[in-house]
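Take a look at this single chain, the form predicted alone, given in structure tokens.
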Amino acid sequence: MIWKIFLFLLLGFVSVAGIAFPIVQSPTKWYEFPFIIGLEQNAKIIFFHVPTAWLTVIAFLMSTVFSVQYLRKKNLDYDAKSYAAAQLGMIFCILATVTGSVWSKFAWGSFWSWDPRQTSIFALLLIYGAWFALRSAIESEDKRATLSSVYSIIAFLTVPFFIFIMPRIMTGLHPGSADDTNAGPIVDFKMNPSMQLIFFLSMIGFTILYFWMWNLGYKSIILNEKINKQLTRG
């Protein structure tokens, strides 16, 4: 219970600080963020957008790890854990897309510009959306778990390319693109101490929130399966 209160206070502080702390040309107070050419007030999105993108990778990685475990041991618990992680991965991928689109509107003038970063995350949504479609089309638990595990492993091979490689080797509007010369301090995490503090607190808070949600999701999947089996037998 104590850790839940800590998490609530942490995310509350990050949310208030990330929105309310001012961006100024020459910070003199601990709660002031520096002005960054090319990002300006839009730099605050990193406290919310980056954690969602980070958790997208973590969730899909966990889904793949549990998929490998299932193929090795054929224990349906691992399939449930993989499914719970993939569900959250999809949710955070959508959140990363939405927050990125909002940032895009203020920074570039439109919600969607088919920037390499936007294109790559859209590709991930399609790939994992097909994964959920595959699961829903198979009734046999064992067959569904096996095919889902194989698909999950293959799908994750695209994640490092779409998240870390493609957006950095191609020219684009997003900070960190091959031709970017303005947002280096953000992309390279060379921020001033106050911004760095809020950023890492945000990463920690969202990561704890993810694992809490994953644990609840896994337990709910197991409980739902038990209820369905009891109903089928009855």
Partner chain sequence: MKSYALFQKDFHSELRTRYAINSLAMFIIVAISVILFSIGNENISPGLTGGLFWVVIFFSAMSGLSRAFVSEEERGTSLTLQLIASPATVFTGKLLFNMILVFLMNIIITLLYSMLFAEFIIQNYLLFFLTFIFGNIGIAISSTLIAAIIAKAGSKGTLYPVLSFPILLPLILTSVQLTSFSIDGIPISEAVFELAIVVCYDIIMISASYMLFDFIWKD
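Residue numbers count along the first chain shown, from 1. Remember, it's a predicted structure, so these values are computed and weren't measured experimentally. Basically, rigid core = biggest C-alpha set you can superpose within 1.5 Å across the two forms.
Absent from the display: the form predicted in complex with its partner chain. The rest refers to it.
At a distance of at most 4.5 angstroms from its partner chain in the model of the complex, none of the three residues Val16, Ala20 and Ile45 contributes a non-hydrogen atom.
In the model of the complex, at least one heavy atom of Met166 sits within 4.5 Å of a heavy atom of its partner chain.
Residue contact check for Phe106: none of its heavy atoms lie within 4.5 Å of its partner chain in the model of the complex. Contact check for Ile154: a non-hydrogen atom falls within 4.5 Å of its partner chain in the model of the complex.
Within 4.5 Å of any heavy atom of its partner chain in the model of the complex lies no heavy atom of Trp112. Of all the residues from 128-159, those having a non-hydrogen atom no more than 4.5 Å from its partner chain in the model of the complex are Ala130, Ala133, Leu134, Ala137, Ile138, Lys143, Thr146, Leu147, Val150, Tyr151, Ile153, Ile154, Ala155, Leu157, Thr158. Core-superposed comparison between this form and the one not shown: the Cα of Thr146 travels less than 2 Å. In this overlay on the rigid core, Pro116 has a C-alpha that sits 2 Å or more away from its partner position between this form and the one not shown.
With the core held fixed, the Cα of Thr158 is displaced between this form and the one not shown by 2 Å or more.
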